[in-house]
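Single chain ahead, by itself, as structure tokens, in the form predicted on its own.
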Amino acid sequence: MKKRIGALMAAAAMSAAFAAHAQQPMKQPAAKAPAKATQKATDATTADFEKFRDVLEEDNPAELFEAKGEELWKAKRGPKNVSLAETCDLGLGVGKLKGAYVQLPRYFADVDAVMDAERRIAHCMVTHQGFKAEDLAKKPFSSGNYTPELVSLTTYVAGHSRKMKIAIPQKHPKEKETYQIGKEIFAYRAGPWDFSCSTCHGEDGKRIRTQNLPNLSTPEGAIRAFQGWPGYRMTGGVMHTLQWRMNDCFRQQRFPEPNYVSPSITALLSYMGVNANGQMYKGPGIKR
């Protein structure tokens, strides 16, 4: 076990070193390179990163957060002193985790609403353990050495769907409605830049700097966006979930950022997840 933890810590250190190297300022060329040459260089950078990520996946730092999430899931905590393992139903029955993540968002009769994984876990912490929703929302995203408990919990839950096919249900009317709302939000243009999600993620072949942008309206693009989250982000050495990823997209569009575990985020995750249905989820991964 100690050797395993040591390998994971070493992988985390390697990723931080790679990120630092990748962020070094580049020498400015005397003249602008031809477009084809620039694209080749960008594609080469992306290919190099993918190779590096494949190596790190063998000792993925995300597993450290899975281990912490397991402790939190099984521990009796909160004002009501109960564990999530004995109270929380993620859609397959109380305490059942295998395959739950790849079937979320989904409809829950007890709240008469569709919930994604992180939102449902937060609901369980509030309803069953007695935590306050406002406390969970005070600092919901990882930063520096700080990792919210919900991030570790979501990573642990996601790990139980590793190498399973995405199968987000669309049977209940509210599941279908949520998907359509997500589709509308995805296409909605607003803000000072007149952006929408589809501005960056609605067509094939788009990129920002060296980053290829997946087309979320297609199965091939949707799985690329779904894959690897929750993810260990090398540029910050922190763990993030899809809640953070969606929130950060709003920020980059200069939109008002949604409230934590907002129904609007659930709708977007439903749209993206359903579009990725039938494809294999590899588990918590590594991101730039």
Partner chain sequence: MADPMKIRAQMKGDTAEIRVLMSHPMETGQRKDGTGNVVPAHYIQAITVDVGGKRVIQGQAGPAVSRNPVFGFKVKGAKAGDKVVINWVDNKGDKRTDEATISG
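Residue numbers count along the first chain shown, from 1. What you see is a predicted model, and the numbers here were worked out from it, not measured in a lab.
Keep in mind the form predicted in complex with the partner chain is missing from the figure; the text below concerns it.
None of the heavy atoms of Trp229 is located within 4.5 Å of the partner chain in the model of the complex. Among residues of the shown chain, Pro219 is not one whose heavy atoms approach the partner chain to within 4.5 Å in the model of the complex. Although the partner is absent here, Phe65 sits close enough that one of its heavy atoms falls within 4.5 Å of the partner chain in the model of the complex. Not displayed here, the partner chain is approached by Val238 to within 4.5 Å at the level of heavy atoms in the model of the complex. Residues placing heavy atoms within 4.5 Å of the partner chain in the model of the complex fall in a single listed stretch, namely 139-147, out of 139-147, 93-101, 109-117, 73-81.
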